[in-house]
Ligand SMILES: Cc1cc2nc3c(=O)[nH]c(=O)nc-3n(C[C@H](O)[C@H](O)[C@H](O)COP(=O)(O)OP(=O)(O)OC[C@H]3O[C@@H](n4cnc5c(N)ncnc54)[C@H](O)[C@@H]3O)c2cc1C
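First, one chain by itself in structure tokens, the form predicted on its own.
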């Protein structure tokens, strides 16, 4: 039986483990942390990722447990709508809307499909011929899946001259609070605040703002209240009922120089290890899920690279472009940006959806 070793039990690694197991591989999953409970809050699963999850029998469970994003759009910090989206139109066009759920819920669903995970097992070294050295010993594999994240040590080993992730100039905050609200993303002068529904009358909130890398505030919730004071409802009220302990701050990085390939020898890069991107398109986890299904159902690693490198590279660049636009602080640039978005919004929801066709219309290499 062919043996695969998956390095990392995040969303991408767990999806890969489940898909490879379904394909008849013996799979070992190595995770350096003490649990698979992921750091994070809400997670958007777009139609392309739902189709991929259907392949391993998880898609319908996600649909059942997730909240449908609903109709929303982009607003200014005063609450003026610049563009609107239609969940109904999206579902008609792509077969599914975008859905939202807690990252831990998806991780647990995937873990049920994956083989047993070896926790507390840091990987020291991976070689191109499939040798994996860990703190507990050495493994030999026919395939090594490097799903070890944005600071991937495996990527650094395979491509030592490749530039590392680049700081996007903004930090992010994520949190979950009680309540209900219409989904929206509000853009100000360098700042963004997003409000998305979750099941059980909860809200996934996220925000970004320019900041030096590595910074922290004595109280991150207090910092959010300071940065977004005076913004439109329901933002101030939402922050007022947020538990400070549930606010997570993370600097935003992206891998702006793509590797020349997503594989070397018997080792395949997957997810953030291959194409870390800013969160502006909501495609980081979605592309990792696509990677995993493609890898499990592709005949060889050259074909995997050939399929995934041209697929993910423009998404990384497009997401980074949006990130730069949201970080603009010059009043003239902000006004021009908002006017452009507003003019595009007047073309209707169908025009806005067409801009996402290249992302959302992806089909997996095999039907469920």
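Residue numbers count along the first chain shown, from 1. These numbers were taken from a predicted model, which means no experiment stands behind them.
Although it is not shown, the form predicted together with the ligand is what the next lines describe.
- The partner is absent here, but in the predicted complex a heavy atom of 252, alone among 264, 221, 252, 107, sits within 4.5 Å of the ligand.
- Site annotation in the predicted complex: the residue of 288, 268, 203, 114 reaching within 4.5 Å of the ligand with a heavy atom is 288.
- Of the stretches 234 to 242, 269 to 277, 83 to 91, 70 to 78, only 269 to 277 has residues with a heavy atom within 4.5 Å of the ligand in the predicted complex.
- Although the partner is absent from this view, residue 122 contacts the ligand in the predicted complex, with a non-hydrogen atom inside 4.5 angstroms.
- Taking non-hydrogen atoms only, residue 5 never approaches the ligand to within 4.5 angstroms in the predicted complex.
- Although the partner is absent here, residue 147 sits close enough that one of its heavy atoms falls within 4.5 Å of the ligand in the predicted complex.
- Put simply, residue 32 is close to the ligand in the predicted complex: some heavy atom of it is within 4.5 Å.
- Of all the residues from 1 to 29, those having a non-hydrogen atom no more than 4.5 Å from the ligand in the predicted complex are 7, 8, 9, 10, 11, 12, 13.
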